[in-house]
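Only one chain is included here, represented as structure tokens and corresponding to the form predicted alone.
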């Protein structure tokens, strides 16, 4: 029943958004709906951990611990975005940036976007997974170009074109995986549960070629370099709550798809090939993000390039492949989703008040938006892996795993990249938060819903670090439960 609630509520809310005219009423209803989705996702994860896999509709819906974990990550960010949207949309309506009717369209698209992301880890069929990821692109493109400015429309088209080209490669890879399975088992199936079970008998050469197509295709959607070029434009031009969804969880759905195919590849062709490709793209993503973060002048583009960095770190963790590294990468997925969403909330509030994106002209944020400024300051330290925040724990787990596996050069590159980005973020945000106020700027009121959204995300960012420290002996169990091999 849990997955029915998770998939059904966004669909019902998307329909209700077009019928309920009072945005204040619907905003609260939307929050209540995603609170129910969050509770259902927690129970679903508990069920898969304790009772095993969940199958519905003749195995069309098939959930293991990995699926339930990604659903939980999506639901955490979706609930926080629903909270933040209440005050943000109300402010845009008051300023005349949005009409009541366009606000209803926003909520309808928001719910369809969330539903399509929930479908990705819920379905067993790899072809339907491909369709769901393509659906996330089509729906979110309207939200990227939502303000209909020249820049946002251009970013939306760039997003559609690049991701659609990438998704064609993913489709070719999916077809090759199904072909390899039909040769070995004599059965034509796209269900990942069946293909994974028979992966050991599949042709290793076909699997390796197929995985390159999958990695390029879904790696484009995940923002892995060098296929990342759509990401800074789309994330910087999207409406602020949607930027949080794009960076916090949309990228992770593509990572989920890569991991599904990667598990098949590992069983059929060994771990080394998967590891080398993931490490290559992970290090490349980290290196490219370092260069752009140093010279960046746009606030939301800065956060977008930070997403490329963290996707690279996650890829490195899975590429190292030890239980400690896998647990660290999985924890990093949740940590980054929470912190980056919080930072995009802060960026949205800052841009809304200052009416500009350029970090060179934004000063004195803590004086103008005290609560948001403090949250952004803490989020800046958390995002750059400063202790005792949870990202420090997940990053140090991956670095330790690299050292213990003998990959000293890789560990050194990770430390160097993290140090560069830490310095760049402190420099950029220090000027914005503590600089002198521009003329005419005064303290502004901050919506209660936005404050609750900040706190909801900040609590796990603080709590997960100490929790993982105390259960560090269980990281092997965590890795085995997620990947069951």
Partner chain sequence: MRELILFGIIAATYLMVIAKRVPALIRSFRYQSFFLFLITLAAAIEEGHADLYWVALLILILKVLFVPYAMYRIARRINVDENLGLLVNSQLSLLIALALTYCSRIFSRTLGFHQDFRAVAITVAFAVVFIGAFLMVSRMKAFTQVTGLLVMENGIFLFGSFLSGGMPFLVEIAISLDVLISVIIMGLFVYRINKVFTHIDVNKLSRLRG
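Positions refer to the first chain, counted from 1. Quantities reported herein were computed from a predicted structural model and do not represent experimental measurements.
Here the subject shifts to the form predicted together with the partner chain, a form of this protein not shown in this document.
Of the heavy atoms in residue 125, some are within 4.5 Å of the partner chain in the predicted bound form. Shown alone here, residue 276 lies farther than 4.5 Å from the partner chain in the predicted bound form, counting heavy atoms only. By the criterion of a heavy atom within 4.5 Å, residue 60 is counted among the residues contacting the partner chain in the predicted bound form. Although the partner is absent here, residue 396 sits far enough away that none of its heavy atoms falls within 4.5 Å of the partner chain in the predicted bound form. Contact here is defined as any heavy atom lying within 4.5 Å of the partner chain in the predicted bound form, and by that definition not a single one of 367, 376 and 378 is a contact residue. Only one segment in the set 358-366, 175-183, 345-353, 322-330 has any non-hydrogen atom within 4.5 angstroms of the partner chain in the predicted bound form, and it is 175-183.
161 is the sole member of 161, 94, 200, 409 with a non-hydrogen atom lying within 4.5 angstroms of the partner chain in the predicted bound form. Think of it this way: in the predicted bound form, the partner chain has a heavy atom of just one of 263, 209, 280, 287 within 4.5 Å, and the residue is 209. Contacts between 413-447 and the partner chain, taken as any heavy atom within 4.5 Å in the predicted bound form, involve no residue at all.
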